[in-house]
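Quick setup: one chain, the form predicted on its own, written in structure tokens, and binding and motion questions come after.
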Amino acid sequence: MTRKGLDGGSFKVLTEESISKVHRTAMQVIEEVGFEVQSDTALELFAGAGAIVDREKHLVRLNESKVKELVDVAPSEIRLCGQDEAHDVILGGRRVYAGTGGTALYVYNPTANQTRLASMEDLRCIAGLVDKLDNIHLFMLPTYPNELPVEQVDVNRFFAGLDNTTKHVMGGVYTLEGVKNVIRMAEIVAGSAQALRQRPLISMIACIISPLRIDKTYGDLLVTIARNGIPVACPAEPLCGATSPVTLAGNLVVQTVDSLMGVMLTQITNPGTPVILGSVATSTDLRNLRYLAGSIEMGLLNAAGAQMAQFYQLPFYATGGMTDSKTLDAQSGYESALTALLCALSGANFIHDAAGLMEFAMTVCYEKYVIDNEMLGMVMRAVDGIKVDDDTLAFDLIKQVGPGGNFVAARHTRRFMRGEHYQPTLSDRDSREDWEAGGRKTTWERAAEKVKELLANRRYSLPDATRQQVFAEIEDIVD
């Protein structure tokens, strides 16, 4: 039983009063401190929308009423589509989905306990793997193809996704020409420019630079994406004690301001652009100022970010499910599970980075995708909660069985046993005797077998005619 798009929100790290205080402080920052915008195009768009602009300092300030006016234009929910409609997701409210993420540079091989540089073939294989993992609902391009020049990266990464999975494909982008090529390619796959806007098969990410800055590159990219009407996430990555105050509340203020500025820029550029408030907020190892991907504080910050997104009635792109571990050990398991669970129970719409990532988001592991798929199945079962009605309370059955009886053979048990309880596909629940007879396999060894099984006889997702049209019209595609 696949669970997705369930309503979270049972976990609330912030009270209503706390949400109000964070909002008021964020508005103070936008109005009194201001926001640096290094893109001249973006700066002029803010000026034209009525913002107070200091062109010499590239500083933008807006009052709360103008912020509200611009944020209210953004859609409160957006549909991200797969080539197979069964994979469509609707982000907004408290609906919860999970997906990949990253742009990792390395791939970890647990058998050799070594890493290697990621390649285009890894992108293709991971897309094909994720296509068959039911609890991973969206495919965000997870690795960087080290063998390609940056000018070829955007179009080849998105092509690898579209050609190897029928799930929605999201990814970061690096060049303006790359953005244009990706959009044209997606129009070919969708059938037309209009068809792509009606059913967006791709979405993009344009990062805001914490604290309080839109740089030239991402500012220009964000404007280009919004002008083309492509769904876009605007995540910010404030780090406690480094690029934000060390306190979680102070970090949340910076994250809220940063991402809201991206949201507002999309709506000034093209009102109604499908945009996603985003957070990659986390804590910092203050011994060396290193980014931490598996801290419990990251889970708390992104759970709080989900509540702020719900306050602004915007879809939310959260971060959870990662680990700082270098191997598939207990740390890898508990860090991934705890951060993903906090985000999901808070009602975060799209938990990205929720599968496959390790080592400060620098590395992916094929086997971890399979392990995390199992973990996410359990997380989504927790989001589903406990249904309480006359049927599930089962008073009549309890009365019928009575003291000292059992419920094994009851029709009620057969009816509910699969849907009520998560059915693992990887976890070991055998007796020790059976486990030993089966080879005493560890979790990652069972996952490795599953990877081989799922990648056997891999096929392209795109029809041959579509692939040929893409090759004919788009330069720099590496087949």
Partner chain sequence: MPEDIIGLIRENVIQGRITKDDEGMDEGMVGKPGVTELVEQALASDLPIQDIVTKGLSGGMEVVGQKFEAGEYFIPDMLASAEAVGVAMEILQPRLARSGIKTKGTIIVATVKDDLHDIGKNIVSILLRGAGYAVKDLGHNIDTQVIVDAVREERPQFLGLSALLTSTMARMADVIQILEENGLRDQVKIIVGGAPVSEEFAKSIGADGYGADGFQAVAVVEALASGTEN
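Source: prediction; values computed, not measured. Numbering follows the first chain given and starts at 1.
Quick note: we don't show the form predicted together with its partner chain, though the next part is all about it.
In short, of 272-280, 342-350, 99-107, 326-334 it is 99-107 that has heavy atoms within 4.5 Å of its partner chain in the predicted bound form. A heavy atom within 4.5 Å of its partner chain in the predicted bound form is found for one listed residue only; from E77, D215, D391, E177, this is D215. Distance criterion of 4.5 Å from any heavy atom to its partner chain in the predicted bound form singles out I209 from the list A195, V73, I209, L292. With a 4.5 Å cutoff on heavy atoms, T363 does not count as touching its partner chain in the predicted bound form; it lies far away. Shown alone here, V150 lies within 4.5 Å of its partner chain in the predicted bound form, counting heavy atoms only.
Heavy atoms of A409 never reach within 4.5 Å of its partner chain in the predicted bound form, leaving it off the interface.
Remark: Y144 counts among the residues lining its partner chain in the predicted bound form, judged by a heavy atom distance of 4.5 Å or less. Residues L286, R287, N288, L289 are the members of 266-289 with a non-hydrogen atom no more than 4.5 angstroms from its partner chain in the predicted bound form.
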